[in-house]
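In the block that follows, a single chain appears as structure tokens, in the form predicted alone.
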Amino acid sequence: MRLSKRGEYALRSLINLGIATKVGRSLVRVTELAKAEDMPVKFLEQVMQQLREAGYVESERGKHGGYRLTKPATKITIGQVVRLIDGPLAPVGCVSQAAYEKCSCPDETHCGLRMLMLDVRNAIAAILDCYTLADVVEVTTRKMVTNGWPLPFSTPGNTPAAVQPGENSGRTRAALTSPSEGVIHQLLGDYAI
């Protein structure tokens, strides 16, 4: 499974809408979402349309319009969104639960490659279906506040006290993360698999 740009933009936008909700912002314009994550506006509009049609977001027209989540972030799993945008999680069709396709293997029951890919699909599904948008929003905002970054879409009146304007100057986002600091690490601390 490889997350497409469309899938990446959908998830990043939903996370930002979750952050906006958390800081008390009711609507976010698509141009703001695009600017916050350096995404092309026209492409993002198409992604947001797909999310709207699936019932994850709703839009309001007009000068002060924009997008908001239609359901609580606790009710949206990351796996649901990935499947909506990019299709089945299975790396090969013969292990897909939603879009099974017979493979060219003469003995599917005893195929070592199929068994391996089944484990891959199960591991991916277990992680993506375990975490909700709310989990990712919580980890994201906690880490931003800890690192002194302002929360997107917040105004000076609703910015957490730990974040001071200009406090993050001279630091880059890449310098504040390491390969081991995924969502599980943020939620559980150091762990071993």
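Not measured: the values here are computed from a predicted model. From 1 onward, residues are counted along the sequence shown.
The following text describes the form predicted in complex with the DNA, which does not appear among the structures shown.
Visitor: Going by a heavy atom distance of 4.5 Å, is residue 35 a contact of the DNA in the predicted bound form?
Guide: Taking the distances in the predicted bound form, the answer for residue 35 is no, it never comes within 4.5 Å of the DNA.
Visitor: Does the DNA come within 4.5 Å of any heavy atom of residue 66 in the predicted bound form?
Guide: Looking in the predicted bound form, residue contacts with the DNA include residue 66, since a heavy atom lies within 4.5 Å.
Visitor: Examine residue 146 and determine whether its closest non-hydrogen atom to the DNA in the predicted bound form is within 4.5 angstroms.
Guide: Judged by the heavy-atom cut-off of 4.5 Å, residue 146 is well away from the DNA in the predicted bound form.
Visitor: Heavy atom to heavy atom, is residue 26 within 4.5 Å of the DNA in the predicted bound form?
Guide: Output for residue 26 is no: heavy atoms all beyond 4.5 Å of the DNA.
Visitor: Is every one of 40, 43 and 52 in contact with the DNA in the predicted bound form, taking contact as a heavy atom within 4.5 Å?
Guide: Yes, each of 40, 43 and 52 comes within 4.5 Å of the DNA in the predicted bound form.
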